[in-house]
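Given next, in structure tokens, is a single chain: the form predicted on its own.
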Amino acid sequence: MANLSFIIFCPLVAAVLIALLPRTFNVLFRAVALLATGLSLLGAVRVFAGFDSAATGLQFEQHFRWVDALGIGYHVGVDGLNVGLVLMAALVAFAAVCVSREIRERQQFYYILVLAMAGGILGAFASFDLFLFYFFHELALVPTFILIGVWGRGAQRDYATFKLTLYLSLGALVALIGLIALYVQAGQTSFNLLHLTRHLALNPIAPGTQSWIFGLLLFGFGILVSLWPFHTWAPLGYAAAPTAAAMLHAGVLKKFGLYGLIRIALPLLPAGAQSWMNVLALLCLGNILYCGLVALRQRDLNHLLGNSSVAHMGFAFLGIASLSVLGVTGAVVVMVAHGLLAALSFALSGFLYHRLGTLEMDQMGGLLQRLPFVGGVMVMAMFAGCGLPGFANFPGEALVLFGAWESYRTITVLACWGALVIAAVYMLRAVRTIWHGPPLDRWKDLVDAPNLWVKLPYALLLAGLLVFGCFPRLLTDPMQPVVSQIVQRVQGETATP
């Protein structure tokens, strides 16, 4: 089996296997899930290490027909745009299973859902067929609702589940309408993305039609990514979600919309992209500034992390809106960096909730003396959230700001304020409130991460942030040819009379 198919189907086959096991085999459920996601991670590392940056076209490609009558096929592959995303997704999936030891009830159903979510995410990022792309996303999205509804926490769990379900279902529906409209207007009989790209390069859709289709994709995908003002489901949903669901959705699945805009909407609808970029640039300020200011007022750690996550998505949107090679490259780096950071942050907050029974920051204090490993890792994660050099967020945000400067100088200055001032204030205040000061007597019996196995997921995610922060060319060099081609396609449309 090809490497990518192995990466995608390991979690899905494991989910089927767990469904066939007796309900009393709780230890085996976890072991199978760890083995499957671990094998997917090893496969993703192999693909990333074996990727040839100098080569053009898709690598590790597999393509065969599926439903000939509708032009649907199984087509997976990686290029510079998605090879880092596949690695990030596999790493987060393995880490999410590692931290799921807190689950004690309905473990069989829980691991089936987590593995289905992981397989769907990996499949969506690797797909080059529009039907398959959307199918895998829905396969990953549906378990999110169930995980929060069944294993969620807090008094607002039911409300958060309904709100998240309504928003994300609406976003997915609008995006689906946009994809169907794109397919119909292209006059094609194939959902293959490469075929559509070649056909529309020679036979472009009328600019007016491109504009409304791009608008559907922008707002459909935008809702899935928590584009302001359609973002309110995200902080509430992540606060109520079990740890693994928050890691997988905030860290990985939320990048599906951004990836769809870059992979599908920009190259296939270049004239439509031009008509909406000013709107997108203005809306992303809502993410960066408004959600940053909301984060300043939070006293619950998960609400702070949720609003911070939404704010970081503003930088990815700004990079896309810049329509520059630097900006779009920075957007993809931000996607990978934020995936690792969000997963690490929610994994650590889950550890604290399991130990403390609360995430109210005012009830904490001096925890670094009790939890030196967890505290040290979370302090570094919060520094990464501030855009500190050495972590992967820094090169991503820097590229976005440099790329956006030429087109949106005022917005870039305001985005700098959001990144350098607002984010620093709420993150550093959280560090002070949670980790420093005199330790409270009520937490005197706290136990830090006891062994290497418990520390492993946090260490892997932090290592990813540091590796890509110190060596960003591991991500930027492979993606440069693809991003340049996409940007030239859009800019070439601008030059066309």
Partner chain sequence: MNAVLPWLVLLPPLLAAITITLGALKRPVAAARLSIGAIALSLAASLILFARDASGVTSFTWLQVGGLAVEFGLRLDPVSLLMLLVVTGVGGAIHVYSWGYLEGDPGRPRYFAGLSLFSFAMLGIVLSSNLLQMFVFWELVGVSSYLLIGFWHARPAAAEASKKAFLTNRVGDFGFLLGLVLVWATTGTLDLGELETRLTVQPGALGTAATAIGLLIFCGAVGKSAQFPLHVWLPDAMEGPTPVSALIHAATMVAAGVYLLSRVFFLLDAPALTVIAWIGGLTALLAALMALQQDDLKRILAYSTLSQLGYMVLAVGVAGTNGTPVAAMYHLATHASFKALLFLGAGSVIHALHHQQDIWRMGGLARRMPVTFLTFLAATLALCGVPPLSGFYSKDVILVLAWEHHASLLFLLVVFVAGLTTAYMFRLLLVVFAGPARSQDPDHAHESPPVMTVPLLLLAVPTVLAGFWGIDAWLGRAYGVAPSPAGSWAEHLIAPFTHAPVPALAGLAAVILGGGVAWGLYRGALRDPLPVHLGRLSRWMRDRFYFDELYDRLIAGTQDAMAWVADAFDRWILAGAVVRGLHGAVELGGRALRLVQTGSLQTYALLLAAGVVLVLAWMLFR
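In this text the structure is predicted, and so the values were computed from the model without any measurement. Positions refer to the first chain, counted from 1.
One more form of this protein, predicted in complex with the partner chain, exists but is not displayed; see below.
Selected contact from Phe219, Tyr408, Trp228, Phe351, since only one has a non-hydrogen atom within 4.5 angstroms of the partner chain in the predicted bound form: Filtering the options by heavy-atom distance leaves Trp228.
Position in contact with the partner chain when the complex is considered in the predicted bound form, options Cys416, Leu139, Ile146, Ile180, heavy atoms within 4.5 Å: Selected residue: Cys416.
4.5 Å heavy atom contact, Pro389 and the partner chain in the predicted bound form: Yes, Pro389 sits close enough to the partner chain in the predicted bound form that at least one of its heavy atoms falls within 4.5 Å.
4.5 Å heavy atom contact, Phe94 to the partner chain in the predicted bound form: Heavy-atom contact with the partner chain at 4.5 Å: absent for Phe94.
Arg65: touches the partner chain in the predicted bound form, heavy atom cutoff 4.5 angstroms: Because no heavy atom of Arg65 falls inside 4.5 Å of the partner chain in the predicted bound form, the answer is no.
4.5 Å heavy atom contact, His436 to the partner chain in the predicted bound form: Judged by the heavy-atom cut-off of 4.5 Å, His436 is in contact with the partner chain in the predicted bound form.
Non-hydrogen atom within 4.5 Å of the partner chain in the predicted bound form for each of Leu293, Gln298 and Arg473: The answer is yes; Leu293, Gln298 and Arg473 each reach the partner chain.
Stretch in contact in the predicted bound form with the partner chain, which is absent here, among 248-256, 321-329, 277-285, 116-124 (heavy atoms within 4.5 Å): Among the listed stretches, the partner-contacting one is 321-329.
Residues of 360-380 having any heavy atom within 4.5 Å of the partner chain in the predicted bound form, listed in sequence order: The stretch touches the partner through Leu368, Gln369.
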